[in-house]
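Structure 1 and structure 2 below are two forms of the same protein chain, each written out on its own as structure tokens.
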Structure 1
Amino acid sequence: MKESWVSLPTIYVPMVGVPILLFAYTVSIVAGFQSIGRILLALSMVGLFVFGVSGFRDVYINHWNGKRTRLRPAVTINKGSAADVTLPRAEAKIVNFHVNRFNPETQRLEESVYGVETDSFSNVLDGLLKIKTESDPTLSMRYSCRMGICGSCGMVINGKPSLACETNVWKNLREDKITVAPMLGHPLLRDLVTDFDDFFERHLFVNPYLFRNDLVEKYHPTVQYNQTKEELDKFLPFSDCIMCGLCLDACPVVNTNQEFIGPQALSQAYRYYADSRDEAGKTRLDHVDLLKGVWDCEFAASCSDVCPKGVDPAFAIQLLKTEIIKNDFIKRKESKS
């Protein structure tokens, strides 16, 4: 395949030479050498003309001929053939995966070590699937989309709750190894698979849907519910939750107090409270104004630190606390009056 790039001499010689000639022309005029100055000025005009012609030739003519114009060669792609794209891949190397698996006989986590061939693009889920297909078919993990959308492959990687499909192996090596363990903030089923029944019960506790009083319009809609950009900005940052459960596993309160509703559910409570289309209003605040609700949060912010989608549950809980206190002040003021 042929490459096309701008001819360097025809571009850089005039580009560098013309300013030098103009500078020499200025010096000659100031020094009183008028004739030499005229010659230098004429040469600079010729250089500008050459620069313009070469630029027109290399850019426009090559463009009309279907060629790609650039100063240096880039990745070569044959038209209509994605298989011919050559991407730079580093040489493969063996990485030890230390997988903590639950042993039902001893009721403990036991470490299994697997050597896995990886490259610079491999993520942890790739390595685990390679173990399952090539080394140990009994290894169990949960996964689905493999692109950070479903949240199914949540686990603890090198001590931090993470999505396996978004964790690059080489960038997270510790002493040339990767340590993988199940999330302990949820009941353990098998190996790296945890039970999410309790997680979804917490989620449903905050009624994660819109309440509307206009029932006729709700079930027989005729128009859309309009929102301004300001109204959208109030809840949109908290609407990206993919329910991966990483925030619950990272939360120190959830891991010591199972009664705590947890950061995921509370962040969604604020998401719907802040939505201008919702008409539940103060009822939502009363629903989470509990010791096991917002007041059990110690603001460790570890939930926000591990969220793969940038949702800030810790901030959402503090906003809920603020709204509850404001609502309480209004109630007291109304009762006194």
Structure 2
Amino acid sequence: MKESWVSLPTIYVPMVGVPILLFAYTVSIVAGFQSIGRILLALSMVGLFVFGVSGFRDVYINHWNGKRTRLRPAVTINKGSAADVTLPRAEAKIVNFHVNRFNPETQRLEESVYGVETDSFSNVLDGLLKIKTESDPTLSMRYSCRMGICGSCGMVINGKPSLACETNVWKNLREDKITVAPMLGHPLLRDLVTDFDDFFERHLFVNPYLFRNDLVEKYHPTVQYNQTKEELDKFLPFSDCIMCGLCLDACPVVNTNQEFIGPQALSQAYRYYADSRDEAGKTRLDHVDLLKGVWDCEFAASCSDVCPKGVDPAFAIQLLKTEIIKNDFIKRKESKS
């Protein structure tokens, strides 16, 4: 069965309905219509019950299916500081980097503090590379293009998932320091490095490639597929995804429920659905019309908040939801006539 037929009446309808009923109940009591008020209260309580049970299934049951591992509290192992570094250049400044490194042997985060010489152009990646090349070569992290397009250097900086290469040190100082930690929304490997196999699998779940029937033309092209500017605009921002994994790390649902395939994959589902060249059509909608697909999304919009490229996955998911609902209505109309 399609999930939209379950989630819509049990979550989304009560989400709007119960507040309206409660409001109406209040108004009728204030206006003196006691018996109408009592009926409205009864209705809203039934609505609440349906809402509660369905929400319980969404939030708690799925979560119980996953296994839970607790990360033990961080310990400080190496307390260096700014005082260790001497003689900065005139325009430079020493900043303390508090690096929370995941130690695979003890399975806990260990905080090391390094004093790093920075200038007004330094970003966090520069700082970490300076630590690696000058004071501690054992520090592990991912990095490559240093211009915010490869998506390697996702990490949690001052509590917010960010790309290290796009985070200026001086502008993001918090209490005169920078705190760096790995993304806990991905399985941890070592130090700031997290495992992405699970992330790539989620991406593949939505069949993220252009589906075409004309295979000969596809591999031996002779003409371009025509596409107007308006058609291009429909999917353009969602094609900017650099697969850095920050949205997954920020998503509160992914962090608490491993089933949910997450904002990155869903935004790519919409990207291919909205592409006028794609021939998979509505089957893409059916493919994500699942509880672990679009309907587990609670619209916290944290994914969009941290997305470094302005992909706005939360928007893409809401668009998918509306497309699914629209599609349902069209189908129902067609089957009636």
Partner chain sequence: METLDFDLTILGSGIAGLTAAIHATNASKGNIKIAIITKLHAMRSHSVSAEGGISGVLYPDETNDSTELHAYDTIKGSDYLADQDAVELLVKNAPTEVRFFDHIGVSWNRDDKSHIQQRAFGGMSIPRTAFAADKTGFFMMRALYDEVSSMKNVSIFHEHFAYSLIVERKKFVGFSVIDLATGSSSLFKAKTAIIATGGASRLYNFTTTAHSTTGDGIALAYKAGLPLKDMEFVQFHPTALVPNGILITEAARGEGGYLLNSKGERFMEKYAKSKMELAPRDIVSRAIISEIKAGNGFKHEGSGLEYINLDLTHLGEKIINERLPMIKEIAQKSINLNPVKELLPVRPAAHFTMGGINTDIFGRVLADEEKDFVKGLWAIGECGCVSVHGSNRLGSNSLSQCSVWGRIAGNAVAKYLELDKSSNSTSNELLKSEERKILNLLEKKGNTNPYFIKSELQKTMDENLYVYRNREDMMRARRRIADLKEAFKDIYIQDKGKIFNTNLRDVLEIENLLELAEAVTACAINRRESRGAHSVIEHPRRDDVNWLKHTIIYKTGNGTGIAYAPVRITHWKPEPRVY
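These numbers come from a predicted model, not from an experiment. Here, a residue number simply tells you its place in the sequence of structure 1, counted from 1. Here, rigid core means the biggest group of C-alpha atoms that superpose within 1.5 Å across both forms.
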>> Between the pair I just shared, point out the form predicted alone.
In response: 1
> So with the core overlaid, does the Cα of residue 98 end up 2 Å or more away between the two structures?
Replying inline: no
>> Aligned on the rigid core, do the two forms place the Cα of residue 214 2 Å or more apart, comparing between the two structures?
In response: yes
> Core aligned, does the CA of residue 300 move at least 2 Å between the two structures?
Replying inline: no
> Can you give the CA shift of residue 31 between the two structures, in Å, with the two forms fit on their core?
Replying inline: 78.2
